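Here's a solo chain for you in structure tokens, the form predicted alone.
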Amino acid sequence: MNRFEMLQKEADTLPGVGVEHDAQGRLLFTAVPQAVPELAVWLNERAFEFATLVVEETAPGFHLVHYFFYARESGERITIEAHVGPGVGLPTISDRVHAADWHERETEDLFGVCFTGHPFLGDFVLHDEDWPENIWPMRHDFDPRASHPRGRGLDEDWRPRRLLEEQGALEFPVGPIWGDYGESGLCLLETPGEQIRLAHMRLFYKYRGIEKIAEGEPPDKALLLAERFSGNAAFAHALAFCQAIESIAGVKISERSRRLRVVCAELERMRYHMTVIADLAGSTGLAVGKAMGQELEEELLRLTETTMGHRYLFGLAVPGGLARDLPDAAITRLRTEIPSLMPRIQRFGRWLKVSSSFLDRIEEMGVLSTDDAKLYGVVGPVGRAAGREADLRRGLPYAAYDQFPPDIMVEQEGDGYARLRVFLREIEQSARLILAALGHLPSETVRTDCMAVDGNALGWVEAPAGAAFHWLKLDGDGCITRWRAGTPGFRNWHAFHRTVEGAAFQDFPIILASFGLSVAENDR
């Protein structure tokens, strides 16, 4: 009896749960609402990781809620589905699976599905001062083109909520307007002195509703949204979107395109990580280090543009493979310039590691404990720097990562220095993966016909910042009826406050830079 059969046999004994296999080879658990929390705990105890939550409106007031789980080491996937009707809530699982906390809050705001027992619902994505009550923008009857009344606005006597009551305590707002290219987000820091005692994050100032805009559109139009809502991880999100389409269509892409997708993904990872490292150097006042990092970032961008056709890889990933092949000259250039660039990147990393003023600011700073990383389901380099051996390139291999599995770069300290080391080591590994994937490339087409209709599927990637999941459902005409993008930024912002609380005020921008967070991935 294999593991799936054992899980199915065990689940058959759970009250209120039905078990079956779906078309994509995963176990599907259909559960009455009251059974969902215990079922989620049952999966957690068997080393299944919460991936994302998706809601569909099946009829006015009726919703189908999908909870996606996967096993990090063995790769099994399990979905829990529960139906809820008008006025009926779902019991929260956030008290058992805390990584689902923000997912439930987002769902309540956008669909009006209430998660009973959740301690803090409302005023999350839809800020009360901008959005009136009882408007749910992801429901079918919401018209995004119509004008809607504004919310209550800010009262003159409005004050942000405050928890710290000791004498001399004050609340210090950072944002929501930032200098440079930082996007809108508000951090409310509570303190009785110089040490941050509590931190509250308020994001979603520019909620764009791209998932709503995509409804009724063919996949090629929605793909433009997928690769542009967070441009610094454009290829990753486009790839996850395309893999969902390919799964619905049952299409297998060519070996050449599988390998070249690895090349594109790792080029994007190298550039993304270098951006984070440059920002981290700048946050500590290391102006020369920031300039050096930005120079290396620019060289990676130029190499990407000259070989792939676009600095941020726009327009390259398409369902069925890639929009265009790499000419021999581009492949030769990558094989030549990646090895010549790596000694400079490694030298830059060594200089950072021996700069005492830099190390003094990042060592033992912004510590994310292994327990907190697990509790919040933190993903990507930030999670790996806190001891989480999680990487979808190994856990759920896609593209050609089954042939070129990366080593998982893990540190234990969970501080800013651990995160720096993971970013640097992953850049080195990305370079090795690119050269390996370019070796002995078969001469094949890079695009296979891919016409997907009437189905749903989950696509995933290990984006530069961590695990990303895109769920798509198409109708009989091949148009999108529901798209959900679960991003690493959404997951990691959830845990960020844990690393700030207890830190000094002057360390806040350094901790923020070391996380490499994306606001745009929340404001989708």
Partner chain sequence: MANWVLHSLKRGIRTERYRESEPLPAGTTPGRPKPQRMDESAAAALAECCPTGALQVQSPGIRVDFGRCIHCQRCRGDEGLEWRQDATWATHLEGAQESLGGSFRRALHVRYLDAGACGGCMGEARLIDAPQYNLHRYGIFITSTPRDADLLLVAGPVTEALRRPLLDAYEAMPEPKRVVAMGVCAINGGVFGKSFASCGGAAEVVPVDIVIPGCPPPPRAIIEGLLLAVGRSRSAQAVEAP
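Values in this document were obtained by computation on a predicted structure and should not be read as measured data. Positions refer to the first chain, counted from 1.
Unshown form predicted in complex with its partner chain; subsequent notes refer to it.
Options 244-252, 433-441, 296-304, 385-393; stretch whose heavy atom lies within 4.5 Å of its partner chain in the predicted bound form: Single hit among the candidates: 296-304.
Residue among Val88, Val453, Ile331, Leu224 with a heavy atom within 4.5 Å of its partner chain in the predicted bound form: Of Val88, Val453, Ile331, Leu224, the residue with a heavy atom within 4.5 Å of its partner chain in the predicted bound form is Leu224.
Heavy atom within 4.5 Å of its partner chain in the predicted bound form - the one residue of Pro176, Gly216, Pro397, Pro132 that qualifies: Checked against the cut-off, the match is Pro176.
Non-hydrogen atom within 4.5 Å of its partner chain in the predicted bound form for each of Ala146, Glu183 and Gly209: Every residue of the spot touches its partner chain in the predicted bound form.
Heavy atom of Ser230 within 4.5 Å of its partner chain in the predicted bound form: It does: once its partner chain is placed as it appears in the predicted bound form, Ser230 has a heavy atom within 4.5 Å of it.
Any non-hydrogen atom of Asp220 within 4.5 angstroms of its partner chain in the predicted bound form: Heavy-atom contact with its partner chain at 4.5 Å: present for Asp220.
Pro339 within 4.5 Å of its partner chain in the predicted bound form, heavy atoms: No, Pro339 sits far enough from its partner chain in the predicted bound form that none of its heavy atoms falls within 4.5 Å.
Contact label in the predicted bound form: Pro405 to its partner chain, heavy atom within 4.5 Å: Pro405: no contact with its partner chain in the predicted bound form.
In the predicted bound form: members of 500-520 within 4.5 Å of its partner chain, any heavy atom: Read in sequence order, the lone residue that approaches its partner chain (within 4.5 Å, in the predicted bound form) is Ala520.
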